[in-house]
Structures are given as C-alpha cells and as structure tokens.
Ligand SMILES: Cc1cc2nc3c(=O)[nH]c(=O)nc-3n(C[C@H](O)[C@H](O)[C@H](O)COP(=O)(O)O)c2cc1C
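As a starting point, one isolated chain is supplied in structure tokens, in the form predicted on its own.
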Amino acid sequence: MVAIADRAQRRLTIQTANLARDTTTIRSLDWDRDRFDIEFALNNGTTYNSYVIQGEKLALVDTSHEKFRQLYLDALKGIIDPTQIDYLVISHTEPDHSGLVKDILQLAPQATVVGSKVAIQFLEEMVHQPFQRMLVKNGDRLDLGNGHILEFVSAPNLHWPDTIFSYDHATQILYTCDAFGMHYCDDYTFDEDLNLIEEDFRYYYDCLMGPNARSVLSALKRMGELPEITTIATGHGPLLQYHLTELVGCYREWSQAQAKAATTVVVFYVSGYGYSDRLAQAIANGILKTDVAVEMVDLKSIDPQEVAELVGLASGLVIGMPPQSGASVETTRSALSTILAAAHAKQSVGLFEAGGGNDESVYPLRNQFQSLGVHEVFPPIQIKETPTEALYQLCNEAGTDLGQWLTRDRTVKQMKSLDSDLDKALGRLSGGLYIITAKKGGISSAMLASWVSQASFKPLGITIAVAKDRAIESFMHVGDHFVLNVLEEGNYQPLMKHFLKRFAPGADRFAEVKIYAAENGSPILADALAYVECKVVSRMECSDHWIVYSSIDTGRVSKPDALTAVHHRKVGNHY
C-alpha cells in the first residue's frame, strides 16, 4: 500500500492497494471535503475509487476527480504504462468518476471506452473528441484474458441513468461505482470496522439511492444471477468485503420498505443540464422523509410509454424544466407532452427551473396543469443565480411539503387509530417544552420539541426524538451541532406559537425573534429560560422518528428560580 500527499492543496492523498490477482485500486482520498453536490453535508470527507485490471488486455475501471489530476496520473504511472490501456470502463459519467477521462484518452487514444449507451452519449458531450467505443448492456461480456472476463450488469438510475456494474469472474469482484458506497475517508481500504461507517453508509443511501429504491431492487435481482461476489469495489469510501452480506442486505431491506409505500411521486429531471439532477435529488430527499416513494426519471433517456405508465401510477409529479434548445430538446418536449396527456386532476404537482440559462419557461406548463385541475403544492422554484445551500434546503422542504400533502388523509387516519383507553393513557406521559435551533453552512432551522430526556452523566448527554419529516432532521446527523432552548413556565406561549407555524419552504424561521449566536454557531433564543449547546453523537431509527443522542458542550440558565414549561397531552398518538 502506498500513500502520496500533495501538500500544496487541501489534504488530498492517493492510496494504492492490491485487491486480488492482477487487480489494483487507486483511491483518491479527499479528507477535507465537507459538501457533496452542495446539498449534502459530509462529516468524514470522501474518496474517489478507480481500478486497474491487468489480464492479457489492460483495463481501467473509472478515473477520478479532476482535482486529483497530477496525483492520480502519477500513481497510475507507478502501476502501469497508461499508454498501453486497452479498455476504459465507465461505470457512470458523473465528473467525480470521469473527470480524467479526457486525460486518459490523450495518453491512450487507442483505448476503447466501454459503457452503457447513455454513458457513451454523455461522454461525447464531455470530451469533445472522437474515441473508440463499445456499448454494453446487461449480460454482455468482455474477455481481458487470463480468466478476467468482465460481465456487465445494467443498473440505471444508481444514481444516474447511465450506470453499469462490472463483475470480474476471475476475482469475484463486482465494480459498482456509486452503489453501496459512502462518503467516508480513512486509510482503511476495506469495511473492517462497521461501527465507524454504518451511519455514513445509511446517510449515503438515503441521499443518493433511496429516491430510486425500485431501481436498487432491480439491480439487486440482477446481482443475484451472478456467481459468488466476494468484494464490492465501490466508487466512494471503503470497499465492502468484511460486512458485504450485511450491508447488501441493508440495501434490500431499505429499498423494499420504500417500494412498498402506498404513495409515489415521480420526479422528472434532465441529467447533465444545469443543476437539474442536484435540485431533483434535494426535492426527492425531502419527499422521502414523509414515507412516500420516489421515482427519479431522466427526461432525456426515458421511453414515452414508460413515462405514461409512471404518471398514471403517481400521486404527485415534480418536473424540472428542460432546455429550450439542444440535441435532446425534441425528446424532452415529447416527454413533457406525454406527462400532460397522462396527468389527471387528483394529482399534485411541483415545478422547478434547472438553472441552465436556457430553461423552458415554467409558466406555460404551470398554466396547462392548472387547466387540468392539478393541485400545485409549492410555487415554481426559480433559479436566478448559482444555487446556494439555502436553495437546496428550500427544495428539500418543498419536497417534504409535497409528501405531507399527499399523506394528509393517512395521517388523520393514524391519529384516530389507537384504542381510546390506550390513547388516553399514553397521553399522560408529559415532557418539557423546548425549541431546537441549528445552523449548518449558511442556513438555519428550528423545531418545537417535547420528547427530550437526559440520557447520560459521563459524558453529559441527552436524547431527542425527531420526526423524520421535520425540516430540522437534515441538521441533526452525526457530527452536527445544535442548541436546545428550554422554555419558561408562564412565558412560553409567544415562542411556542411562533415555532408551531407552518413555514413556507425556505422561509426564515427566526424572523421577528430575538436571537444571538452560540459558540457552535447555532441561534440561541434570547427569551429562553436556559440553553445547552449540543453535538450529535449517534442516531437510532425508530419507525417514524429518529432518536438523536447528543453530548452537551456548554449551557446557561437566565433565571435560576424559574421553572421549565411542561407539555401535557390528552392523547398519545399525535403531538
């Protein structure tokens, strides 16, 4: 194993390791990256993994992020002569994996690029030069010699529409790029310590794979037709070997739960155009918080018949506006026409601009939906400049509003479902009244809470139950900081009334509220009785809530003789 550091940049290192016979990984370790696609905060950096297979023919599986250009190329030259590469296998074309494709083709212009039909189309737009290509589909094989036969597994929408897996029959390694990965950077090549990575593994699934749960299940089914898999070589984070069966099982369990959801929203976007895919992802993640299934569909690569079928099954539709001109304009306009023809008045809709500078106008499409009687859950999201964290949070909250609207009848039914005596008995469990406030990056959030309890002495720690569909849930992952503000008996009504309001997506929760900054950056409510500054240590999933355990850093009481406000409920099956 070799590590190479470039001290002129933020901590970027390269790790190389032998995985099996004739097989080497080049892992680009991005230690300090704290955001991925802007909207997803990272606590442990990330990696971009690439692989070299040396049979009679030489194959490179994926490349790296362009920020690693010199580091990566130097490491590659230490393993092979890159001018002799015969095949460049592209698992998918997102720039963090294909950022150096053009560099490799300059070194090895004779190399054949291997990828799905959609991946090759995307690459043509990226590299702007002719190249040899080999289009592959599910079940196709490529013989590299010396027993290294690559079998390709179609895995579209994980998490781009062009994804393929590659299985090497000689080493029993499955190369999956984004699928089964995680944004976790350390010196361990493999998943040796499950406790270290399981939170990041779940967070990564929720952010990137959850919106395509049905596609995950389809990929798992195809994987089941392969011989034994001993290693999953991912595109991000450690490779799976020690806990492979357990972690693949998690993907199956989580995806089956999503696929069984009674309500589905289809999110249409245009991959590779403007910020369409990122904004769609943020909206989809907001929807998923409400236990509503999501299907993400690329308008550039979807069959019209499939569009009509999906729209017919959906309760809600979200559409990112396509470009007005370009190679795919006829395809995307045809898809929009199909969506309109299949839509009906019982559905709900939300529209957003892609921010590519050439977007179709939102309003003609909005007017057509309104004429159909379709309910608009959130106003069109318009992009005036490069998206910020605040805009991605707005998208996330808009998705949550859509999911809550679609499940409102189910929520009311659940509130009435408990036995009367049990309901009343459970309602006798009382709790204090608190406001959780948090700030991450440039955005803030808040939530009224009563399910709070001290949980440990050493270190001092508390637990808070946070409903999955609360906006602040995104601010309470492991490593995040927040403030627990304690409300005062007899003086809590104004704050409680303010934070019980339903805020529009992206709205400022702290307008007209007196605040000042805590040491951890989160807002402290000036009218609170007391506050404690907290850091999230772990989370436990409990059906419709997360139990968040946090350590306490510091705190203060403003009125030592005052009492904490207490929340007495009459029922136990809703707040």
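Residue indices: 1-based, along the sequence shown. Not measured: the values here are computed from a predicted model.
The protein also exists as the form predicted together with the ligand; that form is not presented, and the subsequent description refers to it.
Under a 4.5 angstroms non-hydrogen atom cutoff, the ligand in the predicted bound form lacks Leu71 among its neighbouring residues.
For the chain shown alone, Leu500 is a contact residue for the ligand in the predicted bound form, at least one non-hydrogen atom being within 4.5 angstroms.
Not displayed here, the ligand is approached by Ala449 to within 4.5 Å at the level of heavy atoms in the predicted bound form.
Using a 4.5 angstroms limit between non-hydrogen atoms, Ala471 touches the ligand in the predicted bound form. Stretch 450-458 is the answer when you ask which of 478-486, 102-110, 450-458, 370-378 has residues with heavy atoms within 4.5 Å of the ligand in the predicted bound form. The contact with the ligand in the predicted bound form, taken as any heavy atom within 4.5 Å, belongs to His545 out of Lys67, Lys57, Lys535, His545. Out of the listed residues Val466, Leu196, Ile149, Leu135, Val466 is the one that sits within 4.5 Å of the ligand in the predicted bound form by at least one heavy atom. Within 4.5 Å of the ligand in the predicted bound form, a heavy atom is found for not a single one of His159, Met209 and His243.
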